[in-house]
Structure formats: C-alpha cells, structure tokens
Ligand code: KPL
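Taking the form predicted alone, here's one chain by itself in structure tokens.
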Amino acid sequence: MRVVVFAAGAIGSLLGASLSHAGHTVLLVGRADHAEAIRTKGLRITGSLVETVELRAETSVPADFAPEVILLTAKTFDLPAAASLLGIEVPTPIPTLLPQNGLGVEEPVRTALSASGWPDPERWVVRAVNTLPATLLGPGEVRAAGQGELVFGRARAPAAGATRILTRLFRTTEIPVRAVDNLERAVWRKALINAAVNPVTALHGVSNGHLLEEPYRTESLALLREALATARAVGFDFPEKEVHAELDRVLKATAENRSSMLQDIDRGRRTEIQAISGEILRQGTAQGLDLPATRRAVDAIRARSPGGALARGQSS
C-alpha cells in the first residue's frame, strides 16, 4: 500500500520504517531538517535495532504521490494544525490512523479535517494505542528502546472499514497488533500509567526506574490515585491492585528510559501534559473531584514549558 506518515517524528518514522520493511511504499512528511537528513543519509535507527532505512522524505505531500492510508503522527498539541494542513494536502478522505497516547485526541482532529473539506471524517479517523519506545535523537535519527505494540479497537461503524484496513496493514509488519473490544478503556489504562510516570520524571529529572524508590514513589502513586478516581468517575473502574502492578512492571521494564516529557523539558520544548494530566484534571474537576496532586503537577510542568504558565503542554 502507499502510505503517508504525516508530521513524522520519532514514532512516525519508526512506524514508517516497519511498513517499508513489509514492502509498502512509504512517504515521510516532516520538518525540513529531518526530511533532508533522511533524503541524504537514510533514516538511522539505533538502540534495540541498528539499521539505516532508505525512505522517501518530504516537507509536504507531493502531487505525484497518491496515498491509500495516512498515519497522522504529530504530537497531541500540534494535531489540530497538522490535521488542517493534511486536509488541504490530501483532499480526498482515506483511512487515517492516530497512534498518539493521551485523552481527548480524536475530536479535534475530526473537527479540523471537516473544516478543511473532508466529508464525514468520523468514517476515516481511527485511534490506536501505541507502546513503541522511540526517541528522536536528531534529524534523521531515531532510537528504538525495545519492543512495543499497537492496540486497535474492534471494527465498528462508522469507521469499521478504515479500522479493518489499518489493522490489516500493520499485521503485515513485525509490530505486534492487538484488537480489543473497548479501545477507550485501553486509552485510559495507558493514560493512568503516563500520568503517574511522565510528570514526576520530568519535574525531578530522573529516569523511570527512580519512581520505584522514595521520595518519587509517593508522588507517583498520588498522581495514580487521582487518575484512577477520575477514570472511575467517567465510567472506567480499573482494579487498583492491577494498575499498581502494571505501573511497577512498566517502571522495571523501562528503568533506564527517560520519559518523553522529561526529554521535552530538557530540550526546552512543549510537553504533552495537557493530553495526559491536564485532561485528567479537566474531566475529574467536571465530575466534582478535588485533584490537588494532579493540579500541582500540571501547573509545575506548564511553568517549565515554552510560554511559561500559559503554555498548554505539548512536545515535538
């Protein structure tokens, strides 16, 4: 299949490389420096896998490339703007994957695509949860820190056709693909772990494994409790013991990893705090919950993001 990876950063580039390995025709669309590095030297992948992948890379979708599917891989804060541009560059709707983690991702994308001229974007936009550990080290270079997976929802109207196409597409790659009956529950499950890990590592400048120890563990568990309370308030009742075990499993498996939010803070970039803790705070407050630890974390991360306390959290 012909695939456009739009707003290709770390995750998008890694997904594109996997699809290229599987024999698909892949075009990465990204920042000028990233595209130029890939054009001249190939996409360099290091970490658990070391290779250089030859891929076509551009800063926009050229007229001679007619994609059959799109991966929209912008960071959550850039998604509406990227979707607006995508709707102009690819005016005919086709199956479009959103592999971002975080809450409240789909609707802004559908709204932006609709405003750009796509009819019925709810038929074409498909959400997935990804656990691929990828870091953009610099233009044209991505580090893959281990194995992850893509989680899709079961194919259901109105996006049943698009879901089937995208699920089949990734089942041709080496990336494990799993389908679940309730994707929103899977989205919340990932958000719980992210809410307990990302803000603490970012604020204290520590790798994930430090959250197994004090004083970071107490801070992390406080965020997890508030995220769990919010999830329950909106209809997702996760067993506390199960989520605690999942948190410990993730922290041990990624002990040496520096979270994406910490990397963004270190580089002076916007973080995705809004799509994780900020959205938990918004939804929890709407349900009448008091979430002091989450509020403190959101305020502290925003204060360290470009634009100061008014920044709405994101990364690139």
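Being a predicted model, the structure only gives us computed values, none of them experimental. When you see a residue number, it is the position in the sequence shown, counting from 1.
Form predicted together with the ligand: not shown, discussed below.
On the criterion of a non-hydrogen atom at 4.5 angstroms or closer, are T230, Q283 and T285 all touching the ligand in the predicted bound form? Contact check failed for every one of T230, Q283 and T285.
Given the stretches 37 to 45, 254 to 262, 23 to 31, 53 to 61, which is the single one in contact with the ligand in the predicted bound form, using a heavy atom cutoff of 4.5 Å? Contact-bearing stretch, as computed: 254 to 262.
Is H210 close to the ligand in the predicted bound form, meaning a heavy atom pair under 4.5 Å apart or at it? Flag for H210 set to no.
Is N101 close to the ligand in the predicted bound form, meaning a heavy atom pair under 4.5 Å apart or at it? Close contact exists here: in the predicted bound form, N101 approaches the ligand to within 4.5 Å, heavy atoms only.
With a 4.5 Å heavy atom cut-off, would you call L166 a contact of the ligand in the predicted bound form? No - in the predicted bound form, heavy atoms of L166 and the ligand never come within 4.5 Å of each other.
Would you please decide whether R189 lies within 4.5 angstroms of the ligand in the predicted bound form, comparing each non-hydrogen atom pair? No, R189 sits far enough from the ligand in the predicted bound form that none of its heavy atoms falls within 4.5 Å.
In the predicted bound form, which of the listed residues (A74, V197, V126, L86) lies with a heavy atom within 4.5 Å of the ligand? None of the other options qualify; the answer is V197.
Taking the ligand in the predicted bound form, which residues along 210 to 238 bring a heavy atom to within 4.5 Å of it? Residues within 4.5 Å: none.
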